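What follows is a single chain, given as structure tokens, in the form predicted on its own.
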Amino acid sequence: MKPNSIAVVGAAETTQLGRIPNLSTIGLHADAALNAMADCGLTPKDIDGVATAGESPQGLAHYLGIRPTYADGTMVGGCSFMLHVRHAAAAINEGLCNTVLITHGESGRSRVGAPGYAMGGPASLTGQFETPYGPTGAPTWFTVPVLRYMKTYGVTVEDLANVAVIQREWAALNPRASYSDPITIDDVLASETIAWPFTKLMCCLVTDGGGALILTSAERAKDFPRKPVYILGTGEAVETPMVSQMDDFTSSRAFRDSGRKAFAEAGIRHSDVDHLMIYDAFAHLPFYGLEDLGFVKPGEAKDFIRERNTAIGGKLPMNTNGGGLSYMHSGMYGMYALQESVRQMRGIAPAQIEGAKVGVCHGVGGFFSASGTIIFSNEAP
């Protein structure tokens, strides 16, 4: 991708977040899409590219009355939307389309028109070689790497709990957050144990909602009403659908590869980053993100977070919307992380970081099976 050649000109979440029993999954996609179009003054006839996960791109296009020349249905889990951004940027640069709509909608809590929770059938790799041995969902699959990580680097359950506490502090500044009441490390540890070492407050929320982005060329972006947010660099990577087969339980190869590509493309240093979003479906993921993206060395994330570097007033503000632990998590969180990155670059976030010019947004798909990284800037090319 040519650095700074593509920009986000429209961004919005669904009208409501949290519990939305009156909208189906595709209804949530449409609500977010129409809000994003209103944000930048476009209509469906102005869109010629669509990308989505959870819903099919052809279903989305038909529902909204769009006739796309580019469609992307990439589905690799929660970071699918980071990959959609990357693919859309490439498509626009190649002249396959001019304006791409990326949508997410998920009835994670109300389950209106939502698919089942199955994680691959009995003939899948996971179904054959992991499920028979006990894992039954995200909390139990993620315990496999995190227990090794904790043992290797001396990370305690208090360290994990501290992530949830700091995320809640950010959420307290966000009027759209699902939970904003203060919590302590003791509160987190006293909450219901889900699967050791995770307690309930270390696990992601289950909500309804969605969001949408609209991308176009940086040259065209100057003509839109909202401040453009430019894409400096992108990366994507996959490793294995089986968490038990990771190269190293203390580090994600997909995280490393995706992040390395995005930073190289953007041509920035870690010291240039003013704002960071790391997908936090569970409390351990920010540890991996900080280390695998290169912000700290292996094993140092626990101290970096404990010293409040990622908290309010810290030198690397992270997950400033409250994250998947306190803000929103309808099942695939990547879109909400992207939305907060865009808000920060526009200067309109509830917990706005003063003077922020460069933001990194990093996501995970499955259980370290995929990753996507997008680097944003509010400075024109």
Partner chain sequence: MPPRILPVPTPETRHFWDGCREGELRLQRCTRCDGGVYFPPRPFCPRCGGREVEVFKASGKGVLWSYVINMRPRPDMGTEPHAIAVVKLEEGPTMMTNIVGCPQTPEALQLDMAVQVAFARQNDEISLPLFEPVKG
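Positions refer to the first chain, counted from 1. Values in this document were obtained by computation on a predicted structure and should not be read as measured data.
Unshown form predicted together with its partner chain; subsequent notes refer to it.
Contact annotation: P145 falls within 4.5 Å of its partner chain in the predicted bound form, judged by heavy atom distances. Shown alone here, P132 lies within 4.5 Å of its partner chain in the predicted bound form, counting heavy atoms only.
In the predicted bound form, no heavy atom of T184 sits within 4.5 Å of its partner chain.
The closest heavy atom approach of V112 to its partner chain in the predicted bound form falls outside 4.5 Å.
For the marked spot (Q128, T136 and V243), a heavy atom within 4.5 Å of its partner chain in the predicted bound form is present in each of the three residues. When you look in the predicted bound form, the only residue of A218, A195, V238, A311 with a non-hydrogen atom within 4.5 Å of its partner chain is A195. Taking P175, P122, G95, G154 one by one, only a single residue has any non-hydrogen atom within 4.5 Å of its partner chain in the predicted bound form, and it is P122. The candidate stretches are 195 to 203, 253 to 261, 81 to 89, 163 to 171, and the one lying within 4.5 Å of its partner chain in the predicted bound form by heavy atoms is 195 to 203.
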